[in-house]
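Consider the single chain below, provided in structure tokens and representing the form predicted alone.
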Amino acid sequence: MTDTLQAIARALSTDVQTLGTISHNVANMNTPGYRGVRAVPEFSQQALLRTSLDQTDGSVMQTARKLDLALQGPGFFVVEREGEPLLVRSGAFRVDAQGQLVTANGDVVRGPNAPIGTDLDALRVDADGALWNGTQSLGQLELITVADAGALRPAGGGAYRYEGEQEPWSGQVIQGALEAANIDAAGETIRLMETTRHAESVQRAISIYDKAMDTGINRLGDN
């Protein structure tokens, strides 16, 4: 493959990857706690782009539900799935049949040292993640901040795997609320328009190159 074709192929490949992230973001605009995905240049490896999570806060939606917890500031809830620790941002929790605090996907929320129970009238969650049933402590939610958002890997069900460095958590837990997806519809629309136009330009470049090659080959035949 010539250098020209390689350059065109790389440009088209990055456009396709970028369109994929935009499509994923738009599809999850109404998913509580969803973190927007960005395609960013990767200079250290063969891959042209890598994906990274947008760590900015989404807006807070009041629900008045005791088990809805919104995070503000960088950080994640730590949950457990089949013994594996995972990170989630959405705090749309529920209590399972064993009285455990779990995600909508059934992952167990780490931190509570006692069953939450079904009587939620006296359940209180402080801004630092401390859980209370009246004056009885139920433990402390496990919350962490990741040092490298680019190292987060989707694990399904809105959860992420992370094996990088951690930083002290300094955010805030808001009980009775959920964090909306941090997706800006207008911003995604602009990115879609820009990427589509670029992809169209690349397609025109391919067409021009193809015609030039065709003309060159025909002239060789004339000789």
Partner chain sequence: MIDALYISASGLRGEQKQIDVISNNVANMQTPGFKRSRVNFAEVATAAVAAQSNESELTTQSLMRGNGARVISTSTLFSPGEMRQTQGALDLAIDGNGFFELEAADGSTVYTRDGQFRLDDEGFLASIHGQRLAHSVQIPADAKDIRIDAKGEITALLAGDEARSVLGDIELATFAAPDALVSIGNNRYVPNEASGTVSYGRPNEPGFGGLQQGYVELANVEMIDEMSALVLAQRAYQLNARVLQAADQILETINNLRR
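Note that the structure is predicted; figures quoted are calculated from it, not measured. Heads up, when I say rigid core I mean the largest set of C-alphas that superpose within 1.5 Å between the two forms. Residue numbers count along the first chain shown, from 1.
There is another form of the same protein, the form predicted in complex with the partner chain; it is not shown, and what comes next is about it.
Enquirer: Given the partner chain in the predicted bound form, answer whether the residues Q72, L131 and I144 all have a heavy atom inside 4.5 Å of it.
Expert: No: no residue has a heavy atom within 4.5 Å of the partner.
Enquirer: Could you tell me which of 72-80, 136-144, 123-131, 89-97 sits within 4.5 Å of the partner chain in the predicted bound form, going by non-hydrogen atoms?
Expert: Among the listed stretches, the partner-contacting one is 89-97.
Enquirer: Contact with the partner chain in the predicted bound form for R10, defined as at least one heavy atom pair within 4.5 Å: yes or no?
Expert: Judged by the heavy-atom cut-off of 4.5 Å, R10 is well away from the partner chain in the predicted bound form.
Enquirer: Report whether the minimum heavy atom distance between P85 and the partner chain in the predicted bound form is within 4.5 Å.
Expert: Because no heavy atom of P85 falls inside 4.5 Å of the partner chain in the predicted bound form, the answer is no.
Enquirer: Just to confirm, G171 within 4.5 Å of the partner chain in the predicted bound form by heavy atoms?
Expert: Because no heavy atom of G171 falls inside 4.5 Å of the partner chain in the predicted bound form, the answer is no.
Enquirer: I'd like to check something about T31: if you look in the predicted bound form, is any of its heavy atoms closer than or equal to 4.5 Å to a heavy atom of the partner chain?
Expert: Contact check for T31: yes, within 4.5 Å of the partner chain in the predicted bound form.
Enquirer: Could you tell me whether the Cα atom of L19 shifts by at least 2 Å between the shown form and the other one after core superposition?
Expert: No, the C-alpha moves less than 2 Å.
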